[in-house]
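One chain comes next, on its own, written as structure tokens: the form predicted on its own.
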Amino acid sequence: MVFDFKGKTAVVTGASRGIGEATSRHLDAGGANVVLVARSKDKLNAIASELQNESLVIDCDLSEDRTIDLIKSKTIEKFSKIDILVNNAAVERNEPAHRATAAAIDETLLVNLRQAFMLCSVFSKDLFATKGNVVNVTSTAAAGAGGTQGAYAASKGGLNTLTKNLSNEWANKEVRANAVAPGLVLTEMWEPTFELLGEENVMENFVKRVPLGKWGTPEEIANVICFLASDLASYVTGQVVRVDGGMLNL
């Protein structure tokens, strides 16, 4: 699916793989200039080399405070504006609550929630100027579906709430804020779980909870992100759209 993003500038965090990479490619296909943000410079450069439109690579670690101002300054210096902010970067930890450490909880909440909030904050006036929009990538884990993902689930639940608050606060600026909550999506984030429980076992058993009977793809999530970021969704704000094959319907 191709959307019309001609003349738009989009910032995508976690852009080096999975949903972030797919979203970046879709935005570019629609004509956007994409700012690719992630830790892996080599992967970002490889993606940027394949994009059709002008892009910007910012290799940084979102767990470091300085990265927020870095992303803002480099984006505005290069493109002078921002129209779309996709907060996709995340830390995922699958560990029971009785084994969770303060450091692990702090890192998860920092990257997944605080830094997403801070990016919204530092880009706020720029988004007001372009009447742009924010799409936050959350998770069905926020509904408690994740089991031993307490910190991750809490961070994504907070991001859902932030999305709704921003949509109300910024509506008079004509800035929209929405979220996409993926379910089972086959990305590199699952590799630790595959190593722990066995890839075939996880693939076969987890999907039993999905009415559509299959895992999602990054491209399927990117399609919904791009719809929400596009003018086709001009009357949509404050929504958390589940893209989970019906998993939470059960």
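The model shown is predicted, which means the values in this text are computed figures rather than measured ones. One-based numbering along the sequence shown.
Beyond the structure shown, there is the form predicted together with a small molecule, which is absent from this document and is the topic of what follows.
Quiz item: Out of Leu127, Ala151, Leu119, Val111, which one falls within 4.5 Å of the small molecule in the predicted complex, going by heavy atoms?
Solution: Contact residue from the list: Val111.
Quiz prompt | Single option in Asn223, Ser40, Thr193, Asn53 placed near the small molecule in the predicted complex, where near means a heavy atom within 4.5 Å | solution = Looking at Asn223, Ser40, Thr193, Asn53 one by one, just Ser40 meets the 4.5 Å heavy-atom criterion.
Self-check item: Stretch from 28-36, 59-67, 193-201, 206-214 whose residues place a heavy atom within 4.5 Å of the small molecule in the predicted complex
Solution: Stretch with heavy atoms near the partner: 59-67.
Quiz item: For this chain shown on its own, do Ala89, Ser139 and Gly183 all sit within 4.5 Å of the small molecule in the predicted complex, going by heavy atoms?
Solution: All three within 4.5 Å in the predicted complex.
Quiz item: With the cut-off set at 4.5 Å between non-hydrogen atoms, does Met189 touch the small molecule in the predicted complex?
Solution: It does: once the small molecule is placed as it appears in the predicted complex, Met189 has a heavy atom within 4.5 Å of it.
Quiz item: Applying a 4.5 Å heavy atom distance criterion, does Ile19 contact the small molecule in the predicted complex?
Solution: The answer is yes: Ile19 has a heavy atom within 4.5 Å of the small molecule.
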